[in-house]
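Only one chain is shown below, in C-alpha cells, and it's the form predicted on its own.
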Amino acid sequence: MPKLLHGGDYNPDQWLDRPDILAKDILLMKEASINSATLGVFAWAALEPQEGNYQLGWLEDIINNLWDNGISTILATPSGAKPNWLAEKYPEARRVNRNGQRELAGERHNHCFTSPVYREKVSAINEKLAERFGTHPAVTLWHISNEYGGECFCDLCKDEFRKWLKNKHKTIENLNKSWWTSFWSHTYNSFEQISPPVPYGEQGLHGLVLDWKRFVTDQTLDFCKHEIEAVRKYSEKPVTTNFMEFFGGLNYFKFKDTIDVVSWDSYPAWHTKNDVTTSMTTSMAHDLMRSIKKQPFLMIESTPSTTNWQPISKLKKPGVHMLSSLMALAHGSDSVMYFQWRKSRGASEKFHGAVVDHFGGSETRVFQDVAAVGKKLLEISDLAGAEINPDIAIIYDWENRWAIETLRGQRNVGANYLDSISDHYRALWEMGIPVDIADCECDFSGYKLVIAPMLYMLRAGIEEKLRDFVKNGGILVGTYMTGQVDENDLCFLGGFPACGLGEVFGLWAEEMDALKDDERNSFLYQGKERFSRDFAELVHPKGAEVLGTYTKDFYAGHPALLKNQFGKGTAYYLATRPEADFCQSFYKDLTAELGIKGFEVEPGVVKSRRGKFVFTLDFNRLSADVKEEEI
C-alpha cells in the first residue's frame, strides 16, 4: 500500500434510509483520520435483492462520496453470505454438514464451494461489481469474500474429492498402499467407494483424514481463484482475502501465489489471561501473515473495543488500543482497520465493538482511542512498505499440524504443537528479534537459524532442505517427535528421525514417554535444573554431544539435549518440551553466538525495529511508543 491504511468494514447498506447518519459518518471518519473503508462484505441482498436485479447505484454514491472526502475503498465480493432468494431457489448451494444434513438458509460461510450454480451466481455479481468499479480511482484493493472456511459433504463435493484422489494417487492400488487400508481390512476396490471422514463413517485411516483436509484447502483455493477470475475480466487492481490467525481448517501458505496482499482478522482476548502471553501469540500470528508472502500485510479487521463472541468479551483498557495497533505495525502490518465502523442496531453483532457505537458521537473513549491511532499513523506514514528480513525461521506446517492432531499415540489430548512453537518464538520475541514463520515448502537458505519443533511429518523434501541447510553452515534446532512419518502419515522404517535427519542430529530416538498434564520431568543444562513437560523422548547419541540429561524416572541420566556438528553447521535436539526459562537462556546464548542482535529491556517490555522505526511495547503499563532511530 502507498500509505498506512486506517479504516475498516463500513456497512452503509444498513443505513440507506438514514441519510443523516451517512452524512455524519463522513464527518466522523475525517475526525478520526480514516482514509480507507471496506465496502460490500455482506451486502449481496442490497446489491442483488432479486435474482438478476442488480442495484449498484447506492454503492456508487457511497464510493464517490467517500472519495470526495479523501477516503479510498476496499471493495469486497459478497460471497461470504448468500441472500435468501438464492438459498431457497438453489438448495444445492447450501452445504451438507458432517452428519449428512443439508443446512437451511441463513447464517454465513455455509455455501458449497463445489456447487456449479453457486459459482455461477458468485461470478455474475463479481463481474457486475468489477465492470462498474474495477477502474474507479477510489477502489484500491479487492477483498475477495470473507474468512473462507468450512467443509461441505454433499454428493458434489464427494465426487470432486474422488477426482482429486484419483489425480493424486493415479490408481486405487497406490491409494490403498498410501493409506495402509489393509489395517482392519478396509481395502478399497474403486475410488467410488471412498467417502470423506465423517462421524458415521471412516475416520481411522489417517491418510484419508489428511487428504480430505488437503482437498478442502485446494477446493477453497479453487473457489477463490474462480472469484478472482470474474473480477479480473474488468479490473487489474490487487486482491486479498482475509485470513484468521492459525485457523486449522485451511493451509494459508497455499494461497500465497493467488492473492497479491495477505490480510487477516486480529481479535486477541485481552485481559482474560496474561496480557504478555496474549501479545506474544498475536505477534506470532502477525509474523505468520508477513511470512506467507514475505512482504508487509494488512490487519484488515480488529476491534477498537470488544468482541461479542469470545467466552468473556472484555473491553480494551486505556492504552491497549494504541499498544495493539502499534504491535501490528511493528510486525509488518501496513494498516490498522476495524470491524466495524458503526454498530448495527440488530442481529448477532449489534454489541460487537465499533468505532461509532449506538450513542453515535465522537465523545466516547473508544472513538478518542481510534482518533489517537489515526493521528499516530499520520506521524509515522513513512513506515508504509518497510520490510522485515529476519535471520531466523520457525517451521509451522499446517499439514504437519493436521497429522499430529489426527495421530493416536501417547498424548491424544494435548500434543500441544502450537504451544511448543510458541515456546521457542516467545524467547526470541522477548528479545525483540524478528522471526519468520515458514512451512515445509519454503526456502531456508537465507537464514542463519532454523527452528523445527515437532516436525513429525516429512513432506515437500523438507529433510533434504534441512540437511543441506546444516551442511552449508546453518544452525538447526529440532525436537522430540521429528521425522516419524511421510506425507501419507505412514511410519518410516529403520528408526527415527528418518530420511537422514538422524545423521544430521547424530542420534537415534528409540521411544517416547508421555507426561500427564500435572507431571514434570527435568534435565540439567549449564549446571541448572530445567523443568520439562508433555513428552520425554529416549534417545541414543550416534556421534552427538550430550549437553543435558534427564533427572527423573527410569530414564534419569539419559540425554535430553544434544548437539551435533554436521558439515559446516550445527544441529541441536531437544528430546523433551522445556519450560520458558530454558528457551530464554538457550536462545540468548545462541543468537549472541550468531551475531543476531535484539534489545535489552525489562521483563514485560518488548522493543523491536521495522525500517527506521523502533517500537516499544510496554505490557506492564499498557502503553506503547514508536520513534525514528536510524541504524
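Position 1 is the first residue in the sequence shown; the rest follow in order. Treat the numbers as computed from the prediction; the structure is a model and nothing was measured.
Quick note: we don't show the form predicted together with a small molecule, though the next part is all about it.
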(request) Would you mind picking out the stretch of 349-357, 124-132, 171-179, 539-547 that comes within 4.5 angstroms of the small molecule in the model of the complex, counting non-hydrogen atoms? (result) 349-357
(message) Between the small molecule and Phe42, Tyr267 and Trp309, in the model of the complex, does every residue show a non-hydrogen atom at 4.5 Å or closer?
(response) yes
(message) Going by heavy atom distances of 4.5 angstroms or less, which of Phe535, Phe496, Phe367, Phe339 would be at the interface with the small molecule in the model of the complex?
(response) Phe339
(message) Please tell me which of Ser72, Asn400, Asn146, Ser283 lies within 4.5 Å of the small molecule in the model of the complex, judged by heavy atoms.
(response) Asn146
(message) Although the partner isn't part of this model, could you tell me whether Arg108 comes within 4.5 Å of the small molecule in the model of the complex, counting any heavy atom of the residue?
(response) yes
(message) So in the model of the complex, is the small molecule close enough to Glu227 to count as touching (4.5 Å, heavy atoms)?
(response) no
(message) Is Ser305 part of the interface with the small molecule in the model of the complex - any heavy atom within 4.5 Å?
(response) no
(request) Spell out, yes or no, whether the shortest heavy atom distance between Thr240 and the small molecule in the model of the complex is within 4.5 Å. (result) no
